[in-house]
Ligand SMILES: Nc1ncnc2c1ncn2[C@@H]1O[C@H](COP(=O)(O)OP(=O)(O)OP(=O)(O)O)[C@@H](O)[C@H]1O
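In the block that follows, a single chain appears as structure tokens, in the form predicted on its own.
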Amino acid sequence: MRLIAIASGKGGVGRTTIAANLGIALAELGKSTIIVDAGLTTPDLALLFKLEKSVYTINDALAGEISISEVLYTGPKGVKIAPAAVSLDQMRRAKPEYLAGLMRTVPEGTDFVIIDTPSGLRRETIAALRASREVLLITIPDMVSVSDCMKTRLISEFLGLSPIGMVLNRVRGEEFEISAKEIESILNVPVIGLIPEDEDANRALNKGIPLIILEPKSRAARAIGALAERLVKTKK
């Protein structure tokens, strides 16, 4: 089983969108996949899958009240989702430090666990990284995002996790953008995915439907599909 943290330095780079669509793409390739929302105080994954009214969430499991299996909901292509709670009371009860132990109880036969890691270096971010075995970094091609991503790379390595690669999101091909080659040089991490800026992605977000389901032939959806294929072919 591969436990992959989808991590970025700052918010707003499309990390959750990539985590959601990548999970679906892996499931579409026949891999048993779970997407976990580790953003316990900033839950977004539930909104993308219309699970904001879920009776049980990852917060309940992290409060020691129920098992991980009881918070898994079936999404598109058979992907399983463990959403985080949107209520303040449930947020308070969850203990992020239990996440690593909880991941050891994931159902047998699971191929991939994609952990949507919150931005910044807060308590729940560290807990999500500790619960993972691999890290996939997400950034957009500007210096602020790349600089923040460097901090995440450093803390990941401090925790014993070497990033498997980096995804550049919302690439426009404009002259002012930092190139993939330059970012590889700055972060010393290979770029393994380029996701182009795509209006279909914004439309999918507004509709609350994962891009890879709403517009599977869009440029961004195809790029995420290619990333999923690369992860499947790359053995840990």
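In case it trips you up, residue 1 is the first one in the sequence shown, and so on. What you see is a predicted model; the values in this text were computed from it and never measured.
Not on display, but discussed next: the form predicted in complex with the ligand.
Participant: Tell me which of 55-63, 174-182, 190-198, 25-33 has residues with heavy atoms within 4.5 angstroms of the ligand in the predicted complex?
Facilitator: Comparing against the ligand in the predicted complex, the contact stretch is 190-198.
Participant: Any of the heavy atoms of Thr41 lying within 4.5 Å of the ligand in the predicted complex?
Facilitator: No.
Participant: With the cut-off set at 4.5 Å between non-hydrogen atoms, does Leu227 touch the ligand in the predicted complex?
Facilitator: Contact with the ligand, no.
Participant: Heavy atoms within 4.5 Å of the ligand in the predicted complex: does Gly11 have any?
Facilitator: Contact check for Gly11: yes, within 4.5 Å of the ligand in the predicted complex.
Participant: With a 4.5 Å heavy atom cut-off, would you call Leu205 a contact of the ligand in the predicted complex?
Facilitator: Leu205 belongs to the contact set for the ligand.
Participant: Is any part of 13-39 within 4.5 angstroms of the ligand in the predicted complex by a non-hydrogen atom, and which residues would that be?
Facilitator: If the 4.5 Å heavy-atom criterion is applied to the ligand in the predicted complex, 13-39 yields Val13, Gly14, Arg15, Thr16, Thr17.
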